[in-house]
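In the form predicted on its own, a lone chain appears below as structure tokens.
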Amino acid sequence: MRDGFDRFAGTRSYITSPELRHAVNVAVALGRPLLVKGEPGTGKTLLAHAVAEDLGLELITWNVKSTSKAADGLYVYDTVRRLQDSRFGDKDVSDIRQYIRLGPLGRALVAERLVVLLIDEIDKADLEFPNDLLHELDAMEFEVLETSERHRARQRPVVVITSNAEKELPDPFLRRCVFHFIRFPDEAQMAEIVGVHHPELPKKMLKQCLERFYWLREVPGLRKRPSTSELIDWIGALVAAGLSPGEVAGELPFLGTLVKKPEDVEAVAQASGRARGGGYR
């Protein structure tokens, strides 16, 4: 383990599997980015928040978009602002450094102390985006071309990269990462997660909610299966309405908190009709 770095053990609000904890600690020990994949709602993004919270580190977030460029993660040279300053003549525009704005990766590399860097949903960008990060993630350094200043990280940041598997990532990029696939929680782990958010929920109600939730996720033809966060919201709605376990067993109240596509609502209605005679499982 890296000197001065405590092992990640999870937090009270973020329930982790032993395999995920090992993956985080292996990535830190090797000084490699941790690439995490998994279906939406499995806590990929929240992992970086949990690592930062557990270890008392600053979290820097880079939310990748379809228009994101790797270079912008390092820094942006604000030429428009410099041009405006030169036109109005109220500033010395010869010092280019005042027009250099560091991006998330740049800030992580120049940080005085160890930080956690989250590169969220890297597969939203174009195919060259991951390849354009190879040198910086390997060498942990970059150069500001406009000033010829070179910056090198004092400590390698803890890098967590998430992907929804929307695109295949290039092999050279994958070779530089420690990979972990976050599996969707089973009922036992999900009960722990729900317990964090709804600690007063009666056991009978919890059991019924989980039974209906996992039944719903297995409805044939469902295009978007409900995620953990949607389960938490659904249970919150049930509690606020004061519904009983029996009412949850008989129907699926507040279905709109769980299912978000019209065709999925129809699929659930059809599956419910078929299941009424003999239970939901």
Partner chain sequence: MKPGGLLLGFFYRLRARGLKVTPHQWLALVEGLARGLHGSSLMGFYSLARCLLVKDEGELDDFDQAFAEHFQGAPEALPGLEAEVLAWLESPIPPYQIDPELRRVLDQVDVEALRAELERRLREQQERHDGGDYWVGTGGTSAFGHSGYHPGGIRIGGQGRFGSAVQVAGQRRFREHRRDLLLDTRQLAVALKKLRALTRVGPAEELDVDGTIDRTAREAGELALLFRPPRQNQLGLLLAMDVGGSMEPYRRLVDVLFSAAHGARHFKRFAHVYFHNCVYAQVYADAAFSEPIPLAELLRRFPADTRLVLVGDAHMYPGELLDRHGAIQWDERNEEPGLVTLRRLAAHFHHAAWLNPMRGHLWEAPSVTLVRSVFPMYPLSVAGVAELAEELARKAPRGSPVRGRAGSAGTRR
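Numbering follows the first chain given and starts at 1. Please read all numbers here as calculations on a predicted model, not as lab measurements.
The protein also exists as the form predicted together with the partner chain; that form is not presented, and the subsequent description refers to it.
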Which of 176 to 184, 146 to 154, 92 to 100, 191 to 199 lies within 4.5 Å of the partner chain in the predicted bound form, heavy atoms considered? The stretch 176 to 184
| said: Does any part of residue 83 reach within 4.5 Å of the partner chain in the predicted bound form? Heavy atoms only, please. | reply: yes
message: With the partner left out here, check for me: in the predicted bound form, does some heavy atom of residue 23 sit within 4.5 Å of the partner chain?
response: yes
In the predicted bound form, is there a heavy atom of the partner chain that lies within 4.5 Å of any heavy atom of residue 241, even though the partner is absent here?
no
Would residue 49 count as touching the partner chain in the predicted bound form under a 4.5 Å heavy atom rule?
no
Of the residues spanning 123 to 152, the ones with some heavy atom within 4.5 Å of the partner chain in the predicted bound form are 124, 126, 127, 128, 131
